[in-house]
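Shown next as structure tokens: one chain only, the form predicted alone.
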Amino acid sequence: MTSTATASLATDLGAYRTSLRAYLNNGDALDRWRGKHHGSTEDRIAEHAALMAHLYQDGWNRYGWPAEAGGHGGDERHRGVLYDELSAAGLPVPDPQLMLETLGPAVVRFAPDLAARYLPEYLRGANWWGQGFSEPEAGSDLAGLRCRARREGEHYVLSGQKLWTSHGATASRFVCLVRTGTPESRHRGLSMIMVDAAAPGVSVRPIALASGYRELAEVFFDDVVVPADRLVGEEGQGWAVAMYLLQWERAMYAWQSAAVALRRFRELLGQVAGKPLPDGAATRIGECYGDIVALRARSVRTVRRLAAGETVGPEASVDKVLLATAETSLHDLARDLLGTDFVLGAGADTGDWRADWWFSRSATILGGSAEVQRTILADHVLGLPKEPRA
């Protein structure tokens, strides 16, 4: 592709969609990733990284990212189109894209040198990052984090533990929220820093979920030395960086998940076509489709606001609530339509639905519980009066 054509697709979203669709449906070069089942999280992420490398080689997943970070320009809508078109073509949205959407924009904004150094290799699937926020004693209360980084000359020395780290078992680097101030400083004493998973003193303990898949991990830091230029933002600016990235975690993850849910919804209907279905199946199918479409209808507005450079505030919790609703709705529908086969079936398709159903149970917890999201909406969006103290 010529540089003129590349520049044109970065400014013409419709042309990008048309060209990408033609690429994804041209020949059998991408069939390796269609309808593929994986025996472990590690195998799945490795295969998805290979898909990222393929897309990067031909330039398609570089749109939506700045040229300074290895991209071709464009904005969040280009990434949204990529996820839509991958799903429409029967291809997976690569798992590492999840953390890229969550962490990438914040690194581009607050640490452009790190973005220039490491984002290109992320886009081509050579490395990816894990998010190190939650801790055993802090949970979702980020202001109570204890994992500590102390400054020693041109380095920081990290000590502590992170829990529920997404992609922790395979990530090459961790973007961690750590305490650089006193415990009493709460959110004002936090900083964000990028740590190599292979650095001396880092140990990773994968967490197997009920499905047996090791989607998360515990990460331990034992006097890990990290160069000071790995800070994302200034020292003490971690809370502001975390609030900034929350916009993308809410909006782009929701859009990405809706694209995947529509593909899985179509696959489910194909699996049960011609088979006897339980009473009320047609209504359940319609309700589930409505849940996914409602998520997209809400999410598209948030994605457009991000693309326009607007700041998305607490109202993004609506996207998170709708996402959890759609994910549980889809996987409960699969459980009920597949019936006994869902529980006892030995096929790879059924096994994937079982594993995904287990993971979907966390949809109302991960990234902020549904109760917390509704409280945010009540307090900061609707301005409802607080409940009287007992």
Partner chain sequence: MTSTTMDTATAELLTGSLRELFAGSAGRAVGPALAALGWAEVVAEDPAGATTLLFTEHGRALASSPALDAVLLAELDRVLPAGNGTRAVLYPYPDDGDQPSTVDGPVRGLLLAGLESVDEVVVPVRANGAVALLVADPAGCPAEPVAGFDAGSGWLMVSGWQPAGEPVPAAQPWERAVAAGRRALAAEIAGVCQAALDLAVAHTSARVQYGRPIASFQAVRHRLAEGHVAISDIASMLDAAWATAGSANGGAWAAAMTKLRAGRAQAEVMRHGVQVLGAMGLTSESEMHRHVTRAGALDALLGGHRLLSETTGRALLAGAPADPVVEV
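Source: prediction; values computed, not measured. Positions refer to the first chain, counted from 1.
Just so it is clear, the following notes concern the form predicted together with its partner chain, a form of the same protein that is not shown.
Heavy atoms within 4.5 Å of its partner chain in the predicted bound form are found in one stretch of 157-165, 96-104, 112-120, 259-267, which is 259-267.
Using a 4.5 angstroms threshold between heavy atoms, P200 stays clear of its partner chain in the predicted bound form. At least one heavy atom of G286 is located within 4.5 Å of its partner chain in the predicted bound form. Proximity of G80 to its partner chain in the predicted bound form falls within the 4.5 Å heavy atom cutoff. By the criterion of a heavy atom within 4.5 Å, D291 is counted among the residues contacting its partner chain in the predicted bound form.
Proximity to its partner chain in the predicted bound form, defined as a heavy atom within 4.5 Å, singles out one entry of L142, L306, V318, V226, which is V318. Of the residues given (V300, I207, A126, V204), V300 alone sits with a heavy atom within 4.5 Å of its partner chain in the predicted bound form. Of the residues in 5-27, those that come within 4.5 Å of its partner chain in the predicted bound form through at least one heavy atom are, in sequence order, L13, R17, R21.
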